[in-house]
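Below sits a lone chain in structure tokens, taken as the form predicted alone.
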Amino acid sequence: MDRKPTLLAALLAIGLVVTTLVVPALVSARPAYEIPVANVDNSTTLDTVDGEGWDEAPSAGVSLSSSGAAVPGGDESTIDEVRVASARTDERLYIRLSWADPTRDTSADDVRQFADAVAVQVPVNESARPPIAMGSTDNRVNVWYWNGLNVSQELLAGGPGTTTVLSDSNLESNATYQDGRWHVVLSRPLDDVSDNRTSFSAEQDVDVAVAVWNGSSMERSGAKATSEWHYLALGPGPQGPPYETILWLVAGLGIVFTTLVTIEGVRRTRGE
């Protein structure tokens, strides 16, 4: 008895199982520019940079480059990457940022001293992506800002040089410097009904960009390291793995069936 068809069928079956298990995982891998947002029940575990809630929030590496602004040092930024994690409760959105900086710059007492700082930028209208450089007059941005003087501010901008401080801000921050890295948590209520503030929901992803300043490198104002637009994955996202698994299983069964029919056809042609 010729065992080749049986062996081939067995190999195809093994291939089908491997395909069903592995391919959906590859397909559902995190897309580029996505920053996952974890759902956490207890807000107190997110208020500090080392809170237990952050164990549930995977971070994403966000590349930075010089802003290119037409200011001294606009092409000489020194921070290349920031790690960004995000989590939400029923009431607040949290963003944790961490980056390597060999100097802890927390003073601005001298005219040539500048504090380290970080900022997160989101669109006021979350359904439209603004220009990356502080938005525009008809597509403005909210900016969550923190610096080494422990100053945190919620800002509104409609293009470079138009930044204003928003009053009645509910922005909160927590920061620490350890082992050559800054760790900063910024948070704000999800739904803010006041004008010129972004509202966050579980129905839609929201664009986000990051800027970092290294004070000891004289970085301030437009002289900074900036990212491209990424997005906070707040929305429901694509269909989950069970749906993908069924599709891949059906496709695999089709391949096995077609192959076996072909083998049987060849055997009959040869008179076996």
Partner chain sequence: MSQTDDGTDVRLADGIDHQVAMVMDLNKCIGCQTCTIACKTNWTDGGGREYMYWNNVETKPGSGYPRDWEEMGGGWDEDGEERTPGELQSKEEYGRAWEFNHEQVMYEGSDEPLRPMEQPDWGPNFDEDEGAGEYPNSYYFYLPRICNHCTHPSCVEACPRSALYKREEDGIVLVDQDRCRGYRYCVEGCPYKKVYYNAMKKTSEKCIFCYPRIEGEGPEGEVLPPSCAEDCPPQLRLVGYLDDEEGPIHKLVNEHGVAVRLHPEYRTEPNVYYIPPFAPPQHSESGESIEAERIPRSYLEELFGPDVHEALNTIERERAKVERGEESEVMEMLTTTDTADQYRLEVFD
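Keep in mind it's a predicted model, so treat the numbers as computed, not measured. Residue numbers count along the first chain shown, from 1.
Not on display, but discussed next: the form predicted in complex with the partner chain.
No member of the trio 133, 173 and 225 reaches the partner chain in the predicted bound form with any non-hydrogen atom inside 4.5 Å. For the chain shown alone, residue 221 is a contact residue for the partner chain in the predicted bound form, at least one non-hydrogen atom being within 4.5 angstroms. Residue contact check for residue 182: none of its heavy atoms lie within 4.5 Å of the partner chain in the predicted bound form. Heavy atoms of residue 190 never reach within 4.5 Å of the partner chain in the predicted bound form, leaving it off the interface.
Taking the partner from elsewhere, residue 72 is found to have a heavy atom lying within 4.5 Å of the partner chain in the predicted bound form. Residues of just one listed stretch (81-89, 160-168, 173-181, 190-198) have heavy atoms within 4.5 Å of the partner chain in the predicted bound form: 160-168.
With contact defined as any non-hydrogen atom lying within 4.5 angstroms of the partner chain in the predicted bound form, the contacting residues in 106-133 are 108, 109, 110, 111, 112, 113, 114, given in sequence order.
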